[in-house]
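Take a look at this one chain, the form predicted on its own, written out in structure tokens.
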Amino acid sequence: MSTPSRLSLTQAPPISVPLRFFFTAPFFGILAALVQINAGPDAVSQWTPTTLAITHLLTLGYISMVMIGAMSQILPVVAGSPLPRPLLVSSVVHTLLTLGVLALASGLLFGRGEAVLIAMFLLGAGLTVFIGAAAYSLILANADNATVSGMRVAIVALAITVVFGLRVAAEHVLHLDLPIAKSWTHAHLTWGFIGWVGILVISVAYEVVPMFQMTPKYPQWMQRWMTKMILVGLLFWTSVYLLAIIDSTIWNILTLLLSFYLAIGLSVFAGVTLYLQSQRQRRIADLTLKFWRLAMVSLLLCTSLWVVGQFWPSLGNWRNIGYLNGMLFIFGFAVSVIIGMLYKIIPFLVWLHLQRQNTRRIKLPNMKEIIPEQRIRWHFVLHLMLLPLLAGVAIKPVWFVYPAATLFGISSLLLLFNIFTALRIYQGYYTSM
């Protein structure tokens, strides 16, 4: 397998560093599905404790778990600067994040303020350790490409997301009813979705889309400015949004214009990615490419739905519009990218580390044998079926919530099984060397 010369594969961390995060994520997907099945259609709302618990199981336990593991692997390979003490840092972050998500979800579900307080400490500490270690690595990075630059922006966005999240959690624990409490919650969600998830996906795409999908490179202007422009937009949006304490027309117009700006930025990224994928040099079918295409189409649908809602009051005021947009972003965009990435990264990591340790020169499995394509195809079909069911949940919860939650639970179980079998292959060959 050929890789670009700028990748520092010799600096890759031990395989256990990223894989502990990758292996844990599907468990939180299964748990989120079980919570939704238990709650039923009554939980399909934007602000119920059950919906907030499920959202954090997905965003922290599933999405961020994988993203932190991916950054732990990408930093030494792409930036040439590994995390300091990677085994220790990954162990601490993984433990605190896992326990923190469980504490937060249980606190929200059962109305236990002390559990939320414990979660604030665990999540605050774990994410602070990761942010500090990643920032240190990025400061010392040898490379200065678009991916490294974008990851710096993503770490800033994650830090702001954490600060806003701790503030919202403190309001919950202390039972405060402040004038702009919901504004802080919206700011937390916006920075988490667009800042942390969106910017990191964009940054990683600059590297992995051309490399793994054999596409042309992203335009230079986009690589240089996109993530910075989104960060600036988020900073201005937050300043305007949180200052709009009174009902002022000028503040509302500014907030709307800045929201359009952010939606356009995400749409441009999705559109350019789809165009590059249509120009790919290698025409052989690639199942992971389908996950990425589904992600970009979902992102375009998400931003388009929001824009249309601003001009069509009956849609914009629909009580489940926020839920539908959230499902499109979380499942359609973020989870699709994550699954597509994992089915590329995990076989490659298993192959790479076995190749390094193969001193006896025994025959090793190729990447398509580590996770068979047929199982990836099954997963794609399941995931593709899930998205219309989730849209149905927003329209008629009582009909669709149980099938959608069950299907996502099965999808997460299949991902867990595929990761587990890849690990078994690694361990089997490793012990025979």
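Keep in mind the model is a prediction, meaning the values are calculated, not measured. Start at 1 and count along the sequence shown; that's the residue number.
What comes next is about the form predicted in complex with a small molecule, which is not displayed.
Novice: Taking the shortest heavy atom distance, is W292 within 4.5 Å of the small molecule in the model of the complex?
Specialist: W292: no, not in contact with the small molecule in the model of the complex.
Novice: Is there any non-hydrogen atom of G340 lying within 4.5 Å of the small molecule in the model of the complex?
Specialist: Looking in the model of the complex, residue contacts with the small molecule do not include G340, since no heavy atom lies within 4.5 Å.
Novice: Quick one: is T406 in contact with the small molecule in the model of the complex, heavy atoms, 4.5 Å cut-off?
Specialist: Close contact is absent here: in the model of the complex, T406 is far from the small molecule, nothing within 4.5 Å, heavy atoms only.
Novice: Any of the heavy atoms of A39 lying within 4.5 Å of the small molecule in the model of the complex?
Specialist: Flag for A39 set to no.
Novice: Looking at W306, F269, F130, F193 here, can you tell me which has any non-hydrogen atom within 4.5 angstroms of the small molecule in the model of the complex?
Specialist: Comparing distances to the small molecule in the model of the complex, the residue within 4.5 Å is F193.
Novice: Have a look at M226, I155, L123, L75 for me and say which one sits with a heavy atom within 4.5 Å of the small molecule in the model of the complex.
Specialist: Selected option: L123.
Novice: Where, among 58-66, 363-371, 386-394, 29-37, do residues come within 4.5 Å of the small molecule in the model of the complex by heavy atom distance?
Specialist: One stretch meets the cut-off, namely 58-66.
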